[in-house]
Structure formats: structure tokens, C-alpha cells
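Next up: just one chain, as C-alpha cells, the form predicted alone.
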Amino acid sequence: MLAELLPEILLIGAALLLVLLQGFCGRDACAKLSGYISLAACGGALLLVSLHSGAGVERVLIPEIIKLDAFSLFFKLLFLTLSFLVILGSLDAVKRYRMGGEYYTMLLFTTFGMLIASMAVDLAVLYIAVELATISTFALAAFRKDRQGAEAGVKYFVIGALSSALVLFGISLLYGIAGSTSLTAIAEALGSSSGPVASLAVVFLIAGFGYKIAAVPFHMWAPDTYQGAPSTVTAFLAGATKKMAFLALMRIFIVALPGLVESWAMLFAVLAVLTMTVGNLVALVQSNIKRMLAYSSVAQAGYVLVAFAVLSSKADLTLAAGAALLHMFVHAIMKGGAFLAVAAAGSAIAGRDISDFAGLGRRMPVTAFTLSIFLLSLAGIPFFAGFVSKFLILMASVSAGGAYIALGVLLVINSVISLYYYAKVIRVMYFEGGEVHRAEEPVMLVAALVVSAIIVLYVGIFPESAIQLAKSSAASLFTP
């Protein structure tokens, strides 16, 4: 069992080491050393998970509590890849803003919590793991020592506490019905019955996790938090922590509540329509690039919810769940990369309005080019990863037939709408602004951007392996 848990042991060991380091070196030296230790720990954990994934390891580590399967390995790859890229990009940002080594400590604790959540098949363990990951992000969101940073941290904390309370209440209702917090035991106890208590539990769970994934109408915190937090932290929040909430949703609703699929899938369909439509329409009128990306992130959550809704059909469920997984992975990379590009641009421009990015294509060519790749991918342009994942969701909705086709049509319409505000940023970077001087681009941030862009392009041009990985990972959810 220890061999399968080596990635988690490596991360928590590195996090505890960073805590000890704070008392033995100066702030700047400690921050630099902490960054390299975190990068090494995260890279090592990613390598270990990749080896497990290649070997097809699938084991129950603790019966009805912790399970290592293809689904958990997929999310481990997602979380560790994004964490590695964020830590790599943060090496420059932490030095520039003198944020201290505790920044990396909290990133490692958050990543550790997400890895445990990916393996949890018990509601109590899943809840604790999600909270462990979330608590550190409250402090990360407030790392900027100004009014906006404080506002971001407070809003995120208040909404996070509310969502956690709703989730916990829903869990308590399921425990009252089944007498157990095991997902399989709950599924057996409920069967196909949908009594009032079970329905109420579904409502509370969807509302609680709806806040965490920033689905409309539970999205109010996201724009202010994303705008006020440091851009590297925003990349982590948008790319990783929201995906952890989706992970929990899939584990709970597919494994524990399959008998109630007709009721909860309908709720997800309504949320999908509201989320992708409101997110895109509000993003159209944003002038601040981080708020625009925040509302774009809301809309992208709606696309994933389309795949959730299709799970109530008689079509290929593995296709629908696989499409959701693939879009979560590519969204984590392209949205995380977009926020890292905003962080890199911060070394040369003072503001965060879209108009401030005028001439960035000449001032910071690598940053502007990679940001363009991420934006085109988010819009779903062919030969980028975002097109592949959206097309897979569209295939799932069309194959389901009936009213599900309308969800696919709305996805296409919303993708067309989103192209306007993504293209606006590209136009400003390359076709506006007068004479500008070339600015120095942060080396580590640029490295993170280039790696992210390569992943986006590779999945977009050679999608077969990524699609197969997502579908095989999703299939493990439907096997006992």
C-alpha cells in the first residue's frame, strides 16, 4: 500500500519540511529554497503517478475508504501537472512580490488534499480531503497585501464556509438513510427509490458543490476572488480546486446516487444552460482581463455540466463521463496557462484592463503568443485542445438524442459568443498600441507557459491518446 501512496507521502513530507525551514533561514533565501523543494517534490510525485498510470494499477488500499483506480490516477495527473506548472511559474512571482516560503507550503498542502480526495470512496474521507485542500486556498487567495487581496480572501472564505456547510448537511442526510458514509453502501441502501430525504440531500449537495465549481447562480464569489488574488494563485484556483469539486460530484452522484439519476441529471441540465449562458454573456462586457477570464471559467463549468446532464440518457455513459474528464483536464491547462500569462505580463504592464495589453505582442512576444494559444483553445478553435474536449461533449449530447441535442446546440452557440471576447484580447495585443519597448519576460513563468502551450497543441493535434485516457478513466467509475 505504501508504494501506491508514495506521491502523497512525498508531498506531505516536503510540506512539513518547508514548515521547519521557516525558522532556519531568512525570508528571501527561505522562499527561494522552498520553491525549488516544492518543484522537486511535485515533479517527483508526478513521475510516480505517471509510472502507476502506465502500469494500469487499480487497488483498494483501504476497503470502502481509499481506492486507487484509473479515475483517481487521471485526477492525480491533472492536479500534479497544474501544481508543477504553477510552482514553476511562481518562482519568479514570489521573488518579485516577496511573498515568502509559506506560499509554497500551502500549495503543497492543497495539492495533498486533492490527491487524497481523488482516491476517497467514503463521504467522510472525501469531505475531509476537500476541506484540507480548500482551507489553504483561503489564505492563498488573500496573499496580496492590499484591499483587493483582503476582499478576495474574505469572500472566498465566507462562500467556502457556506458551501461546506451545505455539503455536510447533504452528507448527513445520506448517512441517516444508509447508516454508512461508504459510497457503495449508500447506493445499495437507496436503490432506485427517491424519497423526500434523498431528494433533499441531492439538492443540498448540488448547491454546496455548485458554489465550489462556481455554477450559476452560485458563482458570485469567483470574479472578485479571481481578480483580487495573485495571478499565480488564480491559475491554481481556476485550474485545480474547481476540478476537485467536479471530482467529488462525479464520485458521489455516479457511484452513490445512480438510482436517482433522472432527478439529479435534470438539475445539472438546468445549471448547465444557466452557467454557460450567463458566464459568456457577462464576460462580453468585462474590461478587466482577470474578471473576463473568471466569467469565462464560469462558462466553461457549464460545458462540463452538459456532460453531467447526458448521464441520465441511455447513450454511451462512458463517452459522456470521458468528455467531462477531458474538458476538465484541458481547461485546467489552458485556463491555468492564461492566468500565468497574465502574471507574466504583470512584470511589464501596470494595469489589468484589457486595454493595458495593447502592444504586448511586440513587448513580450512569447507571453502574448502563448496567451493567444490558450484563448483560441478556450474558444474551441480546431487544432487546439479545447476544440477536442468540446467536440467530445457535443458528440455525447447528440448521441443521447432528444432534448440533449438542444444542450449541444447551446454549447456551440455559447462557444461562438465566447470567441468575441477572446479575439478582442488577441486584437488588442497585436493590432493596438504605438511604439513599445521590448520587455524582459520572466524566465520561469515563460517556461511554464511554453510547457502548457505544448500540452494544449499536442492534445489538439494528436487527440487520440488523451481521449482514450479520459474514456478509460471514466469507465472505472461504472465498474464496482
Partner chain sequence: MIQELVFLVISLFVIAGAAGVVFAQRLFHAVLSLALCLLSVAAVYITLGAEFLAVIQVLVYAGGVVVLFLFAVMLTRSDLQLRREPLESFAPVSAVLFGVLVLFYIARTGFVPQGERALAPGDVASVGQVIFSPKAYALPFELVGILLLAAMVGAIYLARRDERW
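Positions refer to the first chain, counted from 1. All values reported here derive from a predicted model rather than from experimental measurement.
Absent from the display: the form predicted in complex with its partner chain. The rest refers to it.
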item: Candidate from F204, F369, F84, F387 lying within 4.5 Å of its partner chain in the predicted complex - any heavy atom; value: F204
item: L77, L274, A178, A358 - the one with a heavy atom within 4.5 Å of its partner chain in the predicted complex; value: A178
item: Segment assignment from 120-128, 401-409, 371-379, 237-245: heavy atom within 4.5 Å of its partner chain in the predicted complex; value: 120-128
item: Its partner chain contact in the predicted complex: F143, any heavy atom under 4.5 Å; value: yes
item: Partner contact for L46 in the predicted complex: its partner chain, 4.5 angstroms, heavy atom; value: no
item: Exercise: I116 in contact with its partner chain in the predicted complex, heavy atom 4.5 Å; value: yes
item: Contact label in the predicted complex: V19 to its partner chain, heavy atom within 4.5 Å; value: yes
item: Heavy atom distance at most 4.5 Å to its partner chain in the predicted complex, all of I66, A139 and V197; value: yes
